[in-house]
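What follows is one chain in structure tokens, specifically the form predicted on its own.
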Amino acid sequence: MSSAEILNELREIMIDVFDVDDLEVTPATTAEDVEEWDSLSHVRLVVAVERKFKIKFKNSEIEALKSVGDLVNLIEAKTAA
């Protein structure tokens, strides 16, 4: 799966989790860019991503994420393994 495909899937997940239909998502998007992105929705996002891509994140990996691009790279690495 390419980075663009992963980003597109993430956008769909984020629209569902944050309940924002016109959400703009780029690799540079961070939690500060999305008003609805709080600690609870972050947990829901992580769980939804793990289910969709059939992967598991370590706490240290989650804590290291700073942007959607970081998440795309992590998903790419985990799905390639």
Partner chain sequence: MSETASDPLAEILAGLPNTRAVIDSVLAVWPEHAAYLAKSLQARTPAMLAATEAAATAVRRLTAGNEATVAADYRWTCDRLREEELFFHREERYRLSTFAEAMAEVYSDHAYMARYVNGLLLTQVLWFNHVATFEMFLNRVLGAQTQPFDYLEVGPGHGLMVYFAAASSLSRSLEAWDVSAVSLRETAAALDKMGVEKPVSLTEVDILKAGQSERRYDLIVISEVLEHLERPEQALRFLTTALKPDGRIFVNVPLNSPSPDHIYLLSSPDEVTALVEGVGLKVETMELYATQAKKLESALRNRITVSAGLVARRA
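Numbering follows the first chain given and starts at 1. In this text, all values refer to a predicted model and were calculated from it rather than measured experimentally.
What comes next is about the form predicted together with its partner chain, which does not appear here.
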is_contact(V43, its partner chain) in the model of the complex, heavy atom dist at most 4.5 Å: yes
Within a 4.5 Å heavy atom cut-off, is E50 in contact with its partner chain in the model of the complex? yes
Given that its partner chain is not shown alongside this chain, does K56 nevertheless sit within 4.5 Å of it in the model of the complex, heavy atom to heavy atom? yes
Considering only heavy atoms, tell me if I62 and its partner chain come within 4.5 Å of each other in the model of the complex. yes
Taking D19, E35 and D38 as a possible spot, do all three reach its partner chain in the model of the complex with a heavy atom inside 4.5 Å? yes
